[in-house]
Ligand code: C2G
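One chain comes next, on its own, written as structure tokens: the form predicted on its own.
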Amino acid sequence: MTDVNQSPRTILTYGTFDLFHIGHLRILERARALGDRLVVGVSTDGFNATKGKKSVIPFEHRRDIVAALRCVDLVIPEENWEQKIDDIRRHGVRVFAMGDDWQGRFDFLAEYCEVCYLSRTPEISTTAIKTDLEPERRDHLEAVTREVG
């Protein structure tokens, strides 16, 4: 896809990627298909706390899972909302891609690169998985995750 006289077409996306599932994989594969290189910002536990979110899987594990995927070229920590413009510049990003549940929220980045909203995989989300888990199973999953971490 890269012409000899052009730099790689770098794509950037962000996410928490808790309880990694097929929807996560599919959106990362679709983002990677937009270019030659995929940079993924994984939300840190501290950043999630500022958003009122708590991940079951700790940041270091989520980061390592995402980094192990064939479609991912680089993983960076997402530590705050404001870092996106700096990340676009630092990594030479040509396309910023997010799930369409964020439609319109990142249009301001069009000044720096192309902004693309990708359709999500229907009927799957981390929120739905967490909701479906019985409270005892959720407590067990969190306990096991703490032991492994």
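Bear in mind that the values here come from a model prediction, so they are computed numbers and not experimental data. Start at 1 with the first residue shown and count on from there.
Keep in mind that the form predicted in complex with this ligand is not shown, yet the notes after this line are about it.
- Residue in contact with this ligand in the predicted bound form (any heavy atom within 4.5 Å), chosen from I27, V66, I57, L38: I27.
- Contact check for H91: every heavy atom lies farther than 4.5 Å from this ligand in the predicted bound form.
- This ligand in the predicted bound form is approached by K53, whose closest heavy atom lies within 4.5 angstroms of it.
- Using a 4.5 angstroms threshold between heavy atoms, H21 counts as touching this ligand in the predicted bound form.
- Among heavy atoms of K84, some come within 4.5 Å of this ligand in the predicted bound form.
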